[in-house]
Ligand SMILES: NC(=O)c1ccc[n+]([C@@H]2O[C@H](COP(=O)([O-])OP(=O)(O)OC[C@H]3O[C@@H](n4cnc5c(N)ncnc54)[C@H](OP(=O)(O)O)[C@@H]3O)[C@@H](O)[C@H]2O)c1
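Only one chain comes next, encoded as structure tokens, the form predicted alone.
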């Protein structure tokens, strides 16, 4: 089966390329220089050239703060690019797997299943939700995967994640302030890639799936575990979101229940702390 990956140099794209190749799929891996997702003509040309059976769109505008300032870019990459990928992929007889986010929810309860009603609090979440809805409007056979708090390795030197960022801050500043009132699921990109491959094996699968590592924590608790495993002694100052200087609203709870994944008989991903220990054991900064 021929699978085309967009955003291949990001954390999930890097992990997926490795996992799919190991599973003997024919992989077409495209980065920003290979496919500009802001250009409809390029999307059509590339998809029609390769005629993939599956397109996995890992590319997105993931800068949550920046999305509120550059609304056009956020919607271009998170809404309209998925739409045109869905349209063009369907035209060549393929299926789109679109990545989305826990930020489609408002944090009004402690956890969310796939059938819960989204209600995003910020432009980033709105652009992601709009992308989901346009994809399903034009290609109901598509798969939407919502995930959260991704960390992993990347072929892009500009790619960053919370783990690397907080370690860098601790080394540079000697202490860090981290919020205690935002709860979610840290997710290890290689584990997510394995789960996506398992979904691919179940050919009739459609609709929305939540896929994250097991367990939930605040950013503060996540930082404590990072520092514990990495033997970092810098003080961690607990703060609340209102003290963090953020300009946008964020959900207090964005825990994703992997309900439909378990219904399919796919084993839940391991606990985030176990995945974090593996990542830190391989990480060089």
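Positions refer to the first chain, counted from 1. This is a predicted model, so every value here is computed, not measured.
Omitted from view is the form predicted in complex with this ligand, to which the following refers.
- The candidate stretches are 146-154, 87-95, 111-119, 168-176, and the one lying within 4.5 Å of this ligand in the model of the complex by heavy atoms is 146-154.
- Site annotation in the model of the complex: the residue of 67, 255, 59, 46 reaching within 4.5 Å of this ligand with a heavy atom is 59.
- This chain is drawn without this ligand; in the model of the complex, the residue among 183, 77, 139, 129 with a heavy atom within 4.5 Å of it is 77.
- Remark: none of the three candidate residues (107, 218 and 244) comes within 4.5 Å of this ligand in the model of the complex, counting heavy atoms only.
- Although the partner is absent here, residue 26 is not a contact residue: none of its heavy atoms lies within 4.5 angstroms of this ligand in the model of the complex.
- Taking the partner from the other structure, this ligand in the model of the complex has a heavy atom within 4.5 Å of a heavy atom of residue 124.
- Of the heavy atoms in residue 12, some are within 4.5 Å of this ligand in the model of the complex.
- Though the partner is left out of this view, residue 36 does reach within 4.5 Å of this ligand in the model of the complex, counting heavy atoms only.
- Residues are counted as partner-facing when one of their heavy atoms sits within 4.5 Å of this ligand in the model of the complex; in 80-107 these are 99, 100, 101, 102, in sequence order.
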